[in-house]
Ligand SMILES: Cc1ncc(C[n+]2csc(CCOP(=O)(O)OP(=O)(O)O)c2C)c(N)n1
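Only one chain comes next, encoded as structure tokens, the form predicted alone.
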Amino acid sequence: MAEQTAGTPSPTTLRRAHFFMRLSRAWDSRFESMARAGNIGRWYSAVGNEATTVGAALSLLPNDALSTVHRDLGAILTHYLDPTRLAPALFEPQDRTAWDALRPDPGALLHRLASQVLGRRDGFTRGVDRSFHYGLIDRATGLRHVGMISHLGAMIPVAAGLALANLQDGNQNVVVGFIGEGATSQGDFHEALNMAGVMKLPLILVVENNRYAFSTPLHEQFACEKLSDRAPGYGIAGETFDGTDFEAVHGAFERALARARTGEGATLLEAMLPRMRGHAEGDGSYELIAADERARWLTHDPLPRFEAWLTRIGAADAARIAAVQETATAIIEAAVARGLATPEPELHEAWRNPFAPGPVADAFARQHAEVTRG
């Protein structure tokens, strides 16, 4: 019997969290090995961020919005996929939620995502690029994901704009946006949080602080002790927590979501994370960190920490942990194999619809059809 204490996430939450953390890690491991072998281009690893990204997305409701950057694979997988259909042997009947019934087929979504990062025709951008530069907005299924742009600080006003739309629509939906600590020195960060404070926007901005941005140590980035100390200056709530501690992550997000849904406004969350990889695979940035410090951060891996905690509270045993790891690896291997078998794009497919769903997009599609026929 699992030990259930006040504030401990439910057994369903723990099972889903464990599966998605392992699924994210399996994905990273597969693509890291491909990048090192020269089979794909640059890879931006999310290793070390899983407890924060999965923990953030677990509590979202249909039509809450997610705004992600490089290292938020865990949040994307958690937001998109119904795990009870993807890995039925790992879950109990009560683990299936009402939202799971609305979500698309998880195998099909995973294929699209694998095809996207492999630059194949079945990806979200049909192979126009091989990255997380895409989005998925489908109100019928409750999926609202706005993907990244390379000027990362510029994503913060986008998230604030999504939150403003919720406010104007009069709903209780929230927006969770991710950003690295380096982007908090850009003007977009300050302008967007000032707007969020004044207008009491239902925005949760998560700073994934791995202490080095691309390769710049904290003391060269800003002089404040904690980035969350900036929150009161904008009139919003702020918290700093250990981003490798799932229980701390879950508690911080539950508090922030409660504030956002009840009209209390925005929250700035600072997740302190280990630097377990470079900015991108093979770019040399990791080697700029001293060897002893790199070794120390590798001991802060959130996955074994989470699994040790699950064992300690009786929520999982060694057999369960092994089953989750093996299942996650098998799912990712199958998705990558299918993605690699998908055709690469043809030149004409670069002519794609750049607009959000609506009348403008429909007109663009008609124009494209006419040009193609001509």
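Residue numbers here begin at 1 and follow the sequence given. Note that the structure is a prediction, hence the values are computed from the model and not measured.
Keep in mind that the form predicted together with the named molecule is missing from the display, and what follows is about it.
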So which of 173-181, 108-116, 287-295, 92-100 is the stretch with heavy atoms within 4.5 Å of the named molecule in the predicted complex? 173-181
Quick one: of Asn210, Thr244, Thr84, Asn166, which gets a non-hydrogen atom within 4.5 angstroms of the named molecule in the predicted complex? Asn210
Quick check on this chain: which one of Met276, Ala237, Ala248, Leu152 has a heavy atom within 4.5 Å of the named molecule in the predicted complex? Leu152
Can any non-hydrogen atom of Thr125 be found within 4.5 angstroms of the named molecule in the predicted complex? no
Please run the contact check for His70 against the named molecule in the predicted complex: heavy atoms, 4.5 angstroms, yes or no? yes
Verify the contact flag for Gln186: yes if a non-hydrogen atom of it lies within 4.5 Å of a non-hydrogen atom of the named molecule in the predicted complex, no if not. yes
